[in-house]
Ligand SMILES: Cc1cc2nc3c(=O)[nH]c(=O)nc-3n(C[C@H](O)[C@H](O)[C@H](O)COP(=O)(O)OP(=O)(O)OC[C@H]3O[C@@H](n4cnc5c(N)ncnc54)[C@H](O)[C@@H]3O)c2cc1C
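The form predicted alone is given below as one chain in structure tokens.
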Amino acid sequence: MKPAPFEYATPTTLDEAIALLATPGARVIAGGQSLLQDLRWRRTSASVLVDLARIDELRGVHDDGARVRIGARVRHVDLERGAVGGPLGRLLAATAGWIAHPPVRSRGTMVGSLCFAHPSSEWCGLAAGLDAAVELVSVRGRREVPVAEFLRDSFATTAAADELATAVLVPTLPDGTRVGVVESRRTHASYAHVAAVAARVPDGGSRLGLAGAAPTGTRAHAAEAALARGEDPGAAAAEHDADPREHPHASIPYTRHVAGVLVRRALQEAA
């Protein structure tokens, strides 16, 4: 099957891209690893594709000490290869290594993954777990939206049709933080059934994120609280943090069970 007809635009500045997004039916393409597939199968359509590949101001990573700003053109492979330093960089690199396979990681982007909002997206789970935010720009100005609000539902965000996600802003992790990422999936290149991301900070606190266990990536607040009380974080994650939907390869009780097991394993890896 071929995509429905569309126009193709390659702006060189952010202002040009934002102006193009005012066109009804315009869609943004960065890596295209999810959007092009949906266009091909006609699960979605576009009047014009706005390609970000020539906009240099969307490149690069900036660390201000409190947060790391990851631009919309930063690819999975850039993070896998150490574009970010410190404990957060180790967590990002480990997470990127779980995504699909090398050809996908060489083109897909973290920001694009957040905008696609697949419920099993590793980046959605990580960003929710670390209380990251998405930077949105339109002709009306610029705003930041916490990932917990940005991810509205499976494949749905709170961004307006004319808003461009220019970056994700991820809080840094203190020196000495230990990190772990684990995942369960049917095949090597499949989407995650469930993924768990853990960061154990030196003061004894924790950050836990889940993907695939609910309609969106989520922070495992109940598991974090259980861990702080010396209780089983896996049981808390399965009972309270997981909110799975039935799908052909796993029942709801099984997905809850897997979420609990992976939370324990991610914490063990961090330890």
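The first residue of the sequence shown is number 1, and the count goes up from there. What you are looking at is a predicted structure, and each value in this text was computed from that prediction instead of being measured.
Separately, the form predicted together with the named molecule exists; it is not shown, and the next lines address it.
Although the partner is absent from this view, Ser113 contacts the named molecule in the model of the complex, with a non-hydrogen atom inside 4.5 angstroms. With a 4.5 Å cutoff on heavy atoms, Val28 counts as touching the named molecule in the model of the complex.
Using a 4.5 angstroms limit between non-hydrogen atoms, Ala165 touches the named molecule in the model of the complex.
Contact between Ala242 and the named molecule in the model of the complex is not found at the 4.5 Å heavy atom cutoff. Of the candidate stretches 77 to 85, 168 to 176, 92 to 100, 139 to 147, only 92 to 100 has residues whose heavy atoms lie within 4.5 Å of the named molecule in the model of the complex. Distance criterion of 4.5 Å from any heavy atom to the named molecule in the model of the complex singles out Ala72 from the list Leu151, Ala132, Ala72, Ala198. No residues of 199 to 221 lie near the named molecule in the model of the complex, the criterion being any heavy atom within 4.5 Å.
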